[in-house]
Each structure stands twice: as C-alpha cells, then as structure tokens.
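Quick heads-up: it's one chain on its own, the form predicted on its own, in structure tokens.
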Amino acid sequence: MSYKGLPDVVTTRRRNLLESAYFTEIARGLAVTGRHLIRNLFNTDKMPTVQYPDQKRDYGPRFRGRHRLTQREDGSPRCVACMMCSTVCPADCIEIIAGEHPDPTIEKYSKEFNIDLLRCVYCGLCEEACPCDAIRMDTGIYEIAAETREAFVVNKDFLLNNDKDGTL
C-alpha cells in the first residue's frame, strides 16, 4: 500500500568506486578554496580581515564593553550595596559585601565589589537593574588580557579607575 502515490520500497542505486571515494566532491571543495585564495591574493583591499593592532573595528553605540563603577561628586562610589546587580546576574559573577556608611544620609555602601570577568556573559542586566546608576558597561573596552585567572577578578578600585589600555 502506498501513501499518496509513493512507492512502498525505495531503492537506491549502487555507487561506483569513484563516487564512493568522494574524489569529485573533494576536488570541487579544493577548487572553491583555490578560487578564494587567488581572489584574496590579488584583491587584498577587499578582504574582510582587519590588521588588528594597527586597525580597530568600530562598534555600534549599543556595544557593551568592560564594566565600570560611577562616582558621586565627592569621589565616593555611587553603589549603595542594594545587591540588585548580583541578584539579577545570570552568571553569578558579581560579589558585593555591604557595610554601614559613615555618612548618616547614606544607608549602606559596598565594602567590596568584585566581578569575575571570566564568568561574566556581558548581558548588561546588572546595568539595567541598578537603581542608582552605579554600574555601567560603556567603557568601550573589549580587549581583556591577563596572565593568571585570578587577575580576571576585578575589585572596586579597578572598576572605579578603569584604564583604557585593555590590560587587567
């Protein structure tokens, strides 16, 4: 019995030695690779690559770079240790230890504020959740490099004085 006119048994033809070794497909793939190689050798100005240390790629205005903490007019961090950023973080990479602020008009402050950049997924939820605009990701820095894994855990001092060279 067939379904909508299709045969019950599907037969496939047997491949010969040349077809089963896929020599023609390999030759076609090498031809495509060779064609791209020759085109890129003679048209280097149209290549999609960027000479990285000398040229840097331009990113859009909504690009999220490395984190930074904002400061008040007196130079103290704007963070009031409400824990909203660490609560909303899907990667659980923000660690805050709160303390009592000496100024009675400010309830709390962050004694420690650490971000593990290796765990961070740069989603920007911490920036959106912060009620006092203390954390931002508008530095434009996308290069992060360090010698050890421990150097990727950045503290409050680093986040307040974010340098522009990209090193940790």
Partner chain sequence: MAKLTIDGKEIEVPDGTRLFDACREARGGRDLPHFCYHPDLSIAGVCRLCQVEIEGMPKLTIACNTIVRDGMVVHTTSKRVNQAVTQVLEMHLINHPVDCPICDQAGECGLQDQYMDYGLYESEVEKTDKVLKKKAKVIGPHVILDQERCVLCARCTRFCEEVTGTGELGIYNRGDRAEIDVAPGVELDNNYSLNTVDICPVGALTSRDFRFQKRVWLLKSTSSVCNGCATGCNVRVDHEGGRIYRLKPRRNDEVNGPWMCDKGRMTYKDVHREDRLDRVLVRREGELQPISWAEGRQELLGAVKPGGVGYVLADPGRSLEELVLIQRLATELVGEEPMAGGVSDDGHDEGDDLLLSADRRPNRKALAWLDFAEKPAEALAGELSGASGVLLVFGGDPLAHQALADAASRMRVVYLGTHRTATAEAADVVVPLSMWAEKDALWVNKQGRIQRGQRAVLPPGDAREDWRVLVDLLQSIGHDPEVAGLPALRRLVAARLELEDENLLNRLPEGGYAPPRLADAPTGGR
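Everything numeric here is computed off the predicted structure, so don't read it as measured data. Numbering follows the first chain given and starts at 1.
Separately, the form predicted together with the partner chain exists; it is not shown, and the next lines address it.
- Pick from 112, 107, 133, 143: which residue has any heavy atom within 4.5 angstroms of the partner chain in the model of the complex? None of the other options qualify; the answer is 107.
- Query: For the chain seen here without its partner, which of 42-50, 98-106, 115-123, 56-64 has a heavy atom within 4.5 Å of the partner chain in the model of the complex?
  - Reply: Heavy-atom contact with the partner occurs in 98-106.
- Does residue 80 reach the partner chain in the model of the complex, with heavy atoms at most 4.5 Å apart? Residue 80 belongs to the contact set for the partner chain.
- Item | Distance check, residue 71 to the partner chain in the model of the complex, heavy atom within 4.5 Å | Taking the distances in the model of the complex, the answer for residue 71 is no, it never comes within 4.5 Å of the partner chain.
- Give a yes or no for residue 76: in the model of the complex, does one of its heavy atoms lie within 4.5 Å of a heavy atom belonging to the partner chain? Answer no; every heavy atom of residue 76 is more than 4.5 Å from the partner chain in the model of the complex.
- Indicate whether residue 84 is a 4.5 Å heavy atom neighbour of the partner chain in the model of the complex. The answer is yes: residue 84 has a heavy atom within 4.5 Å of the partner chain.
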